[in-house]
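Below you will find one chain, with nothing else, as structure tokens; this is the form predicted on its own, and questions on how it binds or moves follow later.
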């Protein structure tokens, strides 16, 4: 675990601050859970706190306590940037580079506020004054728990904080099945459950609220699934037309990439999704064991992430992108 100048945060506990919590574009369960968990904690400590996210999150996360208080830069850019400008402290959660905030990057970097990075992605850029970073942590939510514990404040963790942090840990560990799930992860999850939250209910609210159209879209993704046995690889694709056919809404493709790994003998799974608004292909990579998709994504598709979970992007069309992927596989394996 890497800690940098955490003493710079001592002022947080001696005077009320204007704090803005940020996370990455297309926020997932860990991004929203860590942001709201920290939000409730810092408010309980007497600070003025706002969560400002680049864009909206999927509907299946809307149950999280405090979600209605989040500001979205895509929906209310003027207010969001105003809060960033006025902040005395800015937390950067679940991203390793300001560019991950997309259109919020400039406002984030131009601000003279104390900047705090809490993250578990590889190779963080050097833009923060204080850092709590651990690539072996299961999630940023796990690090938020450690952050609160570092200051001896676990008594502040009520059911609101616990529910948010538990949801983020649960989603980023694939319901505690990914290799990043450690004994400490389970211990933290247990402590969160001891507040009285219903873990099964949280799981249900996240994973058991599928629409009929989403299940049909999953069927199409499975129908499109291809296997390359020589490289123990499976991949699938969804075009813009297919997304429109099944009434795609944000979050509908969450987890689709993992289905390839359920195939016997497959250790590398990829999904290519055509963006509906802009001309690029979004790519998600997942792997088992020691196959490093973070390195693969960085080398070939301008992406990155974790060893077993990463993302990337291609500005080419679907056919060209998949051809590039196959060539990259051959080169990477040689």
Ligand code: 5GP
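Numbering follows the first chain given and starts at 1. This one's a predicted model, so the numbers in the text were calculated from it and none came from an experiment.
Keep in mind that the form predicted together with the named molecule is missing from the display, and what follows is about it.
**Student:** My question is simply whether residue 284 lines the interface with the named molecule in the model of the complex - judged by any non-hydrogen atom within 4.5 Å.
**Tutor:** Yes, residue 284 sits close enough to the named molecule in the model of the complex that at least one of its heavy atoms falls within 4.5 Å.
**Student:** At 4.5 Å between heavy atoms, is residue 83 in contact with the named molecule in the model of the complex?
**Tutor:** Result no; residue 83 lies far from the named molecule in the model of the complex.
**Student:** Using heavy atoms and a 4.5 Å limit, would one call residue 64 a contact residue for the named molecule in the model of the complex?
**Tutor:** Output for residue 64 is no: heavy atoms all beyond 4.5 Å of the named molecule.
**Student:** Taking the named molecule as it sits in the model of the complex, is residue 42 in contact with it (heavy atom to heavy atom, 4.5 Å or less)?
**Tutor:** Contact with the named molecule, no.
**Student:** Which residue, 180, 160, 96, 101, has a heavy atom that falls within 4.5 Å of the named molecule in the model of the complex?
**Tutor:** So the residue touching the named molecule in the model of the complex, by this definition, is 96.
**Student:** 295-303, 32-40, 50-58, 66-74: which one contacts the named molecule in the model of the complex at 4.5 Å, heavy atom to heavy atom?
**Tutor:** In short, 295-303.
**Student:** Select from 106-128 the residues with a non-hydrogen atom within 4.5 Å of the named molecule in the model of the complex and write them out in sequence order.
**Tutor:** Going through 106-128 in order - heavy atoms within 4.5 Å of the named molecule in the model of the complex - there is one hit, 121.
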